[in-house]
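One chain comes next, on its own, written out as structure tokens in the form predicted alone.
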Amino acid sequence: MKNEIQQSFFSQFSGKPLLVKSPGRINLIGEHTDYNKGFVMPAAIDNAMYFAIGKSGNTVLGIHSFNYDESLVFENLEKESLPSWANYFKAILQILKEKGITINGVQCVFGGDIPIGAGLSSSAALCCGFIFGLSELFDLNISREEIAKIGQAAEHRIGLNCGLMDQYAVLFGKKDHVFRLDCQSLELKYIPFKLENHTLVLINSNIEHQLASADSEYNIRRASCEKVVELIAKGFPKIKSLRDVDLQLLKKYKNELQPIDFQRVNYVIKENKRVHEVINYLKDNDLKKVGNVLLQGHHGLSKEYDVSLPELDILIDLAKKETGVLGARLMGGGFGGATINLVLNENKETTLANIKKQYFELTGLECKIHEVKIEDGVKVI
């Protein structure tokens, strides 16, 4: 892919480009906890977005999408009716300009092999990779922490009120490690992930999720959590987020909360606890217990936070029937996308073929299977 991106650059632009690899990400456990200032456990993966980016020698900003085979020249950042992918670049350039950084004279080709809509954060890879490339190309010295915040702000501007997990995973990933991210302090703790005779497998339901609308279900759930925090903080002013709420305190307010709000917050608090459980199980190299926690996490996402779909639940039910699958859960914001599965290498092909065949029989959909490896974060290649 990187060679194709580079050759596409040479066919359209002049000069020698900088090549940047910006990975997708998985999240082992800790879903919908990031914007609640809780804990998550992501990692960068080998699927990635690649950027060939260079200076044009004039004031034109020319960007070509390799995957969509579409080109765009930015002459006015207020231009309307842009392709969906171009809105991310527009938002980034606007935010940089507001920070006093005006980017002129850029030519860029980008593309990659991160499945769109599968919950692997292709948008974070796009935003962070482009910002990182600009910083390297123009010696802007934007720190990775600041790149993450600019990338987050760009997604917010488009309509997705995401936390910082995706950006941090893309920027701070480390080969063969997951990391625990404290979404309040942004402290990182790397944990070796020794898969040995196991493989991490993503099974794409083939239902693409769309979370970026202003009134999306994602944003509705975030608002639900914030409403509970606001209520509890009236009696406990030190409460700033669900990170500060435990189950005992939550139960005191059960009668004052809407049942759906109580249910969602109950999930978030338990999911934070699951992150810490997985840390301990990884230290003991007990992948069977890790798998059990993944299944518990999916139950919470499906029955408590209500972000699953029948097709995703079917994939989990099929995985549970296979002795070669230690655990599985929906990964990402929900309402489509992929499941993450911890699979034994022994008879792996048969195990995955069984799931694929039965999923088609039950849904009429072809699921797509991706084996992933844990890799480093954004870098120049």
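Just so you know, these numbers come straight off a predicted model, no measurement behind them. Heads up: residue numbers just count along the shown sequence, starting at 1.
Below: the form predicted together with a small molecule, not depicted.
Peer 1: So which of Gly163, Pro115, Gly159, Gly105 reaches within 4.5 angstroms of the small molecule in the model of the complex, heavy atom to heavy atom?
Peer 2: When the small molecule is considered in the model of the complex, the option within 4.5 Å is Gly163.
Peer 1: Using a 4.5 Å heavy atom cut-off, which residue among Gly327, Gly324, Gly336, Gly30 comes into contact with the small molecule in the model of the complex?
Peer 2: By the 4.5 Å heavy-atom cutoff, the listed residue in contact is Gly30.
Peer 1: Would the small molecule be touched by all three of Gly24, Tyr168 and Asp376 in the model of the complex, meaning a heavy atom each within 4.5 Å?
Peer 2: Answer is no for this spot.
Peer 1: Although the partner isn't part of this model, could you tell me whether Tyr35 comes within 4.5 Å of the small molecule in the model of the complex, counting any heavy atom of the residue?
Peer 2: Contact with the small molecule, yes.
Peer 1: Verify the contact flag for Tyr218: yes if a non-hydrogen atom of it lies within 4.5 Å of a non-hydrogen atom of the small molecule in the model of the complex, no if not.
Peer 2: It does: once the small molecule is placed as it appears in the model of the complex, Tyr218 has a heavy atom within 4.5 Å of it.
Peer 1: Considering only heavy atoms, tell me if Gly332 and the small molecule come within 4.5 Å of each other in the model of the complex.
Peer 2: Contact with the small molecule, yes.
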